[in-house]
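Only one chain is given next, in structure tokens, and it is the form predicted on its own.
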Amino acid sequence: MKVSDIILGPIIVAIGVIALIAASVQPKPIFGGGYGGGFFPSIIGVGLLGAGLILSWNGWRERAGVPFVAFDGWIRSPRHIANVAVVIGALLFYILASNWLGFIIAGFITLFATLLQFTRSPMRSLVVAAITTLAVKATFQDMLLVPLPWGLLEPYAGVLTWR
């Protein structure tokens, strides 16, 4: 499936603006300068904004020769449809369950399900999901001081924090 850049560009610009707004409400560093919780979302928001503007410009220039939406053969493939469903389902699961389960559990389940769908290797998916979840937790929560939800692991927060 190919969606025209003239449709995707404004969508990506809107996502970039939302990321910048969300970054502006993140906690600021206590001692003035430095990197707060909104630092990386701001970089991503600016990148999305620039990419969306470029896509919009390219889509506007090519609007006469490119259809708004074109479907390829993979749209009839059950495996590809399952891949799309797993990615969307995993994202919805994380959004809905992360506050209750916490980042470590919800992030692990989300990564494991997605990796299992794409690699079909349970052991490799388990190891990569565990290492990635712990690396993201350590980087964002312990080093960058970005608050991540503890959820069910709240009683063990002192044991699981490495600072």
Partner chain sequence: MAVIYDAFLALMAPEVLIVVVLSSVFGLFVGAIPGLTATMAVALLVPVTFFMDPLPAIAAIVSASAMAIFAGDIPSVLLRIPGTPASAAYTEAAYRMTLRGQAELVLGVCVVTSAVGGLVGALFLMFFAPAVARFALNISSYEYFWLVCLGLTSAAFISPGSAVKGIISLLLGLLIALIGLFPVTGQPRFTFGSTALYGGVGLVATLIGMFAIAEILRFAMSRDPLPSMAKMKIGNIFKGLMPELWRYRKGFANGIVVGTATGPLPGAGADIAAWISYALSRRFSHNRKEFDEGSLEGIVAAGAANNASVSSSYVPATVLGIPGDSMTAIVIGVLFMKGLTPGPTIFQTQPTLIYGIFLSFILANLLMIPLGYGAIKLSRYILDVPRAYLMPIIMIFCVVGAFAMDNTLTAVVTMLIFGVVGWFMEENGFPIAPALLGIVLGRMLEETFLTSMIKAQGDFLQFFSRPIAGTIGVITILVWVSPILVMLWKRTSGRKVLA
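Residue numbers count along the first chain shown, from 1. Model, not experiment: these values are computed from the prediction.
Note that the form predicted together with its partner chain isn't included here; everything after this is about it.
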**Request:** Mark Ile54 yes when one of its heavy atoms lies within 4.5 Å of a heavy atom of its partner chain in the predicted complex, and no otherwise.
**Result:** yes
**Prompt:** Hey, in the predicted complex, is Val128 touching its partner chain, heavy atoms inside 4.5 Å?
**Reply:** yes
**Prompt:** Even though its partner chain is not shown here, does Leu101 get within 4.5 Å of it in the predicted complex, heavy atoms only?
**Reply:** no
**Request:** Check whether Leu148 has any heavy atom within 4.5 Å of a heavy atom of its partner chain in the predicted complex, and answer yes or no.
**Result:** yes
**Message:** With its partner chain taken in the predicted complex, which residues across 95 to 125 come within 4.5 angstroms through any non-hydrogen atom?
**Reply:** Ile95, Ser98, Asn99, Phe103, Gly107, Thr110, Leu111, Thr114, Leu115, Phe118, Thr119, Ser121, Arg124
